[in-house]
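First comes one chain, alone, set out as structure tokens in the form predicted alone.
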């Protein structure tokens, strides 16, 4: 029975909590999706290892949710264990003399920028325009305003189900545009990253942060829930411009809508479903390809149902 394995999983974990049939709508920024069979708030690396040993014994799927800012959860929910990093993974240690900052994966991007500022370190203020956490920023090589996470990353601490907790230099991984081999679907889970920043005057950091925050307010939808950019920008193009020129800006299927403010965002006007969002994704892809022969590639992560 489902209750049996979830109850047993809880006994294997020393600091973390397991919630059964937990609604995921409030755990993701798009506010869409069914329940998690087991939602696990992780509070130690030891529990992470114990969890993977447990699910491996039972061939259960595992999904890393993060802050839920770039994901679409299926309407039927997610089978197996859905992981979130708890308070134990929200720390930053800065070394102003060395110009480095080591951040745990659960720390939000905004908190990372602020804590670096308090240590007199800057350079990654563009992260305030990207909702989410440091773990997601590393795994997806998040970027904005000509800034990219991999350009600042020096080392990564991550979990590999086969090898346990590992430490490696950033150059050992294949970082690309909005992708890395540290993604959960590559079998690795980011725990922390060390970044090379630069000493910067407080007023300059504040000004840079304010500029990026203002840009986000002016250019991105804030009136309805969304998950950020839906598509990657194709080489030589901007996805939003292609969708707009295809006449799809504002197009609506049920309560899912291609944003009237930014065509590379899909918003949830009230009770949108994952199926409606995916219908808009398909429509945008097919229309743009038919019009100019460019294939739009998803940046949004569509979590699998499992079986």
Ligand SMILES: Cc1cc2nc3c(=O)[nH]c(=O)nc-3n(C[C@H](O)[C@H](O)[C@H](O)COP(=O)(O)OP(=O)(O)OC[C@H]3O[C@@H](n4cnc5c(N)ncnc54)[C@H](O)[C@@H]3O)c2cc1C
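These numbers were taken from a predicted model, which means no experiment stands behind them. Residue numbers count along the first chain shown, from 1.
One more form of this protein exists, namely the form predicted together with the ligand; it is left out here, but the text below deals with it.
- Using a 4.5 angstroms limit between non-hydrogen atoms, residue 68 touches the ligand in the predicted bound form.
- The ligand in the predicted bound form comes within 4.5 Å of a heavy atom belonging to residue 29.
- In the predicted bound form, residue 193 stays away from the ligand, with no heavy atom inside 4.5 Å.
- Looking at residue 120, you'd find every heavy atom of it more than 4.5 angstroms from the ligand in the predicted bound form.
- 228 is the sole member of 161, 228, 234, 80 with a non-hydrogen atom lying within 4.5 angstroms of the ligand in the predicted bound form.
- Taking 153, 101, 124, 140 one by one, only a single residue has any non-hydrogen atom within 4.5 Å of the ligand in the predicted bound form, and it is 140.
- In summary, the region of this chain contacting the ligand in the predicted bound form, judged by heavy atoms within 4.5 Å and restricted to 166-174, 128-136, 90-98, 206-214, corresponds to 128-136.
- In the predicted bound form, the residues of 188-204 lying within 4.5 Å of the ligand by at least one heavy atom are, in order, 188, 189, 190.
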